[in-house]
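Before any questions on how it binds or moves, here is one chain, the form predicted on its own, in structure tokens.
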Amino acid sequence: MCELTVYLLEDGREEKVMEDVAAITPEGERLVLVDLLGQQKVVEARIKELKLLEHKVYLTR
């Protein structure tokens, strides 16, 4: 499986936002994260870095 774990970078720290993310959809200044079960989380952030081999996405505000 190719699910992602999404982290928010703030003040030099990584905060886990959501695991098993299957889709990320931009909506203006926000991102809609959707996991394998269809649960959604809306985050006011932008993508800073993708590490696909590690299955990680880093966000920043």
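The first residue of the sequence shown is number 1, and the count goes up from there. For clarity, every value in this text was computed on a predicted model and none was experimentally measured.
The following text describes the form predicted in complex with a further copy of the same chain, which does not appear among the structures shown.
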{"property": "Non-hydrogen atom within 4.5 Å of a further copy of the same chain in the predicted bound form for each of Met18, Val43 and Arg61", "result": "no"}
{"property": "Any non-hydrogen atom of Glu14 within 4.5 angstroms of a further copy of the same chain in the predicted bound form", "result": "no"}
{"property": "4.5 Å heavy atom contact, Ala23 and a further copy of the same chain in the predicted bound form", "result": "yes"}
{"property": "4.5 Å heavy atom contact, Leu8 and a further copy of the same chain in the predicted bound form", "result": "no"}
{"property": "Residues in 28-61 with any heavy atom within 4.5 Å of a further copy of the same chain in the predicted bound form", "result": "Leu36, Ile47, Lys48, Glu49, Leu50, Lys51, Leu52, Leu53, His55"}
